[in-house]
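Two forms, one protein chain; structure tokens for each follow separately as structure 1 and structure 2.
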Structure 1
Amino acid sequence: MPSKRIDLTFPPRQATKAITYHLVKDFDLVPNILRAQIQPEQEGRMLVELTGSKEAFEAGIAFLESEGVAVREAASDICLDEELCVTCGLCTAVCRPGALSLAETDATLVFDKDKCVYCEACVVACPRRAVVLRF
């Protein structure tokens, strides 16, 4: 089954509702929550990978939007401005899932998209602002 990563923004009034539960029960979607920050009465964000049929995905997205949840495609890649990068390794030091590393042979930055949860820690850590997310 195909999967897609999406970034969800929950309005404060929706923070305590079991919205992801409905994606499973009502739409037969399998959510893999990669990152979430949701507090009662505050705007919340969730990065989720949804797996399911195209029809179920479309219906699930329509449901989310009807509940006031903003849905957008998640970042698709980490980009490096090689002219700005000085290969300091700070981005790799903060990358908990290990998606960024320095190659042993030539110390170039290596990005493993499958490990990335798009937490943006690398973007913040880069002193030269050489690391950016591409949507």
Structure 2
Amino acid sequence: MPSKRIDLTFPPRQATKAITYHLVKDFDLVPNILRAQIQPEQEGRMLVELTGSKEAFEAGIAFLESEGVAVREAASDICLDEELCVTCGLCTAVCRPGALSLAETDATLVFDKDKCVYCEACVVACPRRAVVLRF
């Protein structure tokens, strides 16, 4: 069964709806939530991996969009361009899962891809635009 990573943005008042419940119950999709930040009355973000048939996936996406959720394909890979990176360390300040950190010994940048949830906070934060997404 194919899987796809998608990035969902919920408008402020939509964030309380049981969206994932409907994806499972009505569309037979298996959601694996990689990251979610949802608070009442605020815009929400959810990074989710959906597993299911192509038809179920398409129907599920149509349902999400009809509910006002913005759907975007999430990156399949994220890389650090070492030519551009100046090891300032600013990306480590926004990396909540701790995938980006500075080595204790020499303060060089360490990227532990296994911890990365593709939230893309580092992509936005990097002043050198050295974090590159691949789709």
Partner chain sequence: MAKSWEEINARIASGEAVVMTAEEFGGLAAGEGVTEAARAVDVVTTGTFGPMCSSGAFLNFGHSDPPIKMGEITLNDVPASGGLAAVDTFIGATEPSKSRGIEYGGAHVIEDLLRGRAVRLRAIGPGTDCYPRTEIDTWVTLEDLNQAYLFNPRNAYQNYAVAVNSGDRALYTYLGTLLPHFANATYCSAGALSPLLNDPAYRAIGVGTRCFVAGAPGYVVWEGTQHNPNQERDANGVPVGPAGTLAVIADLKQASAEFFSAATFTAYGVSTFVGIGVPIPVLDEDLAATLALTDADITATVFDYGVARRSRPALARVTYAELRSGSIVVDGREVPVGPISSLPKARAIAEELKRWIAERRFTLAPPLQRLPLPGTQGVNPLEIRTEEAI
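Quick note, the numbers are simply positions in structure 1, starting from 1. Just so we're clear, the structure is a prediction, and the values are computed from it rather than from any experiment. Rigid core (definition): largest C-alpha set, two forms, superposition within 1.5 Å.
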### Task
Compare the two displayed forms of this chain and pick out the form predicted on its own.
1
### Task
Inspect the rigid-core superposition and answer whether the C-alpha of residue 47 shifts by 2 angstroms or more between the two structures.
no
### Task
Align on the rigid core first, then pass along the CA displacement of residue 128 between the two structures in angstrom.
5.4
